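Encoded as structure tokens, the following chain is the form predicted on its own, with no partner shown.
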């Protein structure tokens, strides 16, 4: 399993370097930022996939940018987000990352997330703890919602009447602080490292969550659906917290 972790760590750094190289092209005027970010996304994913597949050619792959390699008999599947936080990346807001998760028989066994703007590498291997640049990390111990700093992901285009906005407003009236950052993967890492206390969303894709869920769990946190049901990677419903009584308090607010 250590070989898988090391491969994911190296691949995430490769993807991160590609993203940073493409950032310098955003001063060019031949193409719009939207076109450039799509090309950066694809270039990062290609670099990550090409690196991993040369080591594990029989493994399966799922990636945000149309990568869906499911043939073969391998019980391993890599789930890749080559650029989580696209809107931030376009605007040069330094809160985006590369996210890589590895499943074995449907269970997450490796998670790696790399923030190239801060050179922060978050990683976890099932049963071995969670780490930031090689140092062990743990979730916070905040157990009261009134003392909690939370993160939320909302749909990119939403309305004031949407259920997602309603949930956001309910929590913001109870919690000490609620932020919307634009990167689900980094939000999960920040829960794992104790920088924030909880994160929720009901509009995520598998690649948004695959890298970070295991990191939270290995840091002592808890991950469920917002209503408290078992987390499922294919279901766009997630509540991640430090694992204290805060989790139940948020869950109750989010499903009322």
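Everything numeric here is computed off the predicted structure, so don't read it as measured data. Positions refer to the first chain, counted from 1.
From this point on, the text means the form predicted together with D-MYO-inositol-1-phosphate (IPD), which you will not see here.
Exactly one listed residue, out of 53, 67, 42, 204, brings a non-hydrogen atom to within 4.5 Å of D-MYO-inositol-1-phosphate (IPD) in the predicted complex: 204. The candidate site formed by 132, 193 and 220 is entirely out of contact with D-MYO-inositol-1-phosphate (IPD) in the predicted complex, as no residue has a non-hydrogen atom within 4.5 angstroms of it. By the criterion of a heavy atom within 4.5 Å, residue 109 is excluded from the residues contacting D-MYO-inositol-1-phosphate (IPD) in the predicted complex.
In the predicted complex, D-MYO-inositol-1-phosphate (IPD) stays beyond 4.5 Å of every heavy atom belonging to residue 101.
Contact check for residue 183: a heavy atom falls within 4.5 Å of D-MYO-inositol-1-phosphate (IPD) in the predicted complex.
Among heavy atoms of residue 153, some come within 4.5 Å of D-MYO-inositol-1-phosphate (IPD) in the predicted complex. Stretch-level contact check against D-MYO-inositol-1-phosphate (IPD) in the predicted complex with heavy atoms at 4.5 Å: of 69-77, 160-168, 115-123, 85-93, the positive one is 85-93.
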